[in-house]
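Only one chain is shown below, in structure tokens, and it's the form predicted on its own.
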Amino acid sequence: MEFENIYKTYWDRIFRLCMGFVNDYDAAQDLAQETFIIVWQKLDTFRNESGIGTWIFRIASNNCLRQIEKEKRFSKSELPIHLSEEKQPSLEPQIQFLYKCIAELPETERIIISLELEDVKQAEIAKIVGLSEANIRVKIHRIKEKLTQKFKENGK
């Protein structure tokens, strides 16, 4: 598969995955872009041991996790005070709330539910995360219950 087709096929899904991690439109755009830079650089090393989608989602997940680790080490107090915040394009309030709830989940659960929302097969999710399919099914069910509870508590 050539890079242009890969990009067209996976861009939206990778962006939404990144959005689930960071809950910030611009940061998700950056992370998705970085993911595709890595894919472009490493495409010739892809060995077809898994599906191309599984490989790309794994790269995106690892990229997002690295970014979260960097942010944990970076002190927010080091930011200049006089920066103005730019508004992100408005998403539907329920979708914004969903991204917020997903961003609050533990890392593994964020990966699992983000991939599930992208219709990635549970067998592929199991490979990406390194858990059994049965464990993935249970985790997806529990994550959905958590998210449903948050929506009920918030009256959404």
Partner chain sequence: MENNIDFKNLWKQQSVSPPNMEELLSKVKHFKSVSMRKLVITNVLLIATSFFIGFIWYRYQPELISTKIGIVLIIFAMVLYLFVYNKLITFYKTIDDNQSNSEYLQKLISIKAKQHYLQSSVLSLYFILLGSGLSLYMYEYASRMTILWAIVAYAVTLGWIGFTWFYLRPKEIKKEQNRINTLIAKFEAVNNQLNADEE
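Nothing here was measured: the structure is a model prediction, and the numbers come from that model. Numbering follows the first chain given and starts at 1.
The discussion below concerns the form predicted together with the partner chain, not included here.
Among heavy atoms of Asp44, none comes within 4.5 Å of the partner chain in the predicted bound form. Contact annotation for Val22: none of its heavy atoms lies within 4.5 Å of the partner chain in the predicted bound form. Contact annotation: Asn154 falls outside 4.5 Å of the partner chain in the predicted bound form, judged by heavy atom distances. Contact annotation for Ile95: at least one heavy atom lies within 4.5 Å of the partner chain in the predicted bound form. Counting a residue when any of its non-hydrogen atoms is within 4.5 Å of the partner chain in the predicted bound form, the hits in 22-60 run Tyr25, Gln29, Asp30, Gln33, Phe36, Ile37, Ile38, Trp40, Gln41, Lys42, Trp55, Arg58, Ile59.
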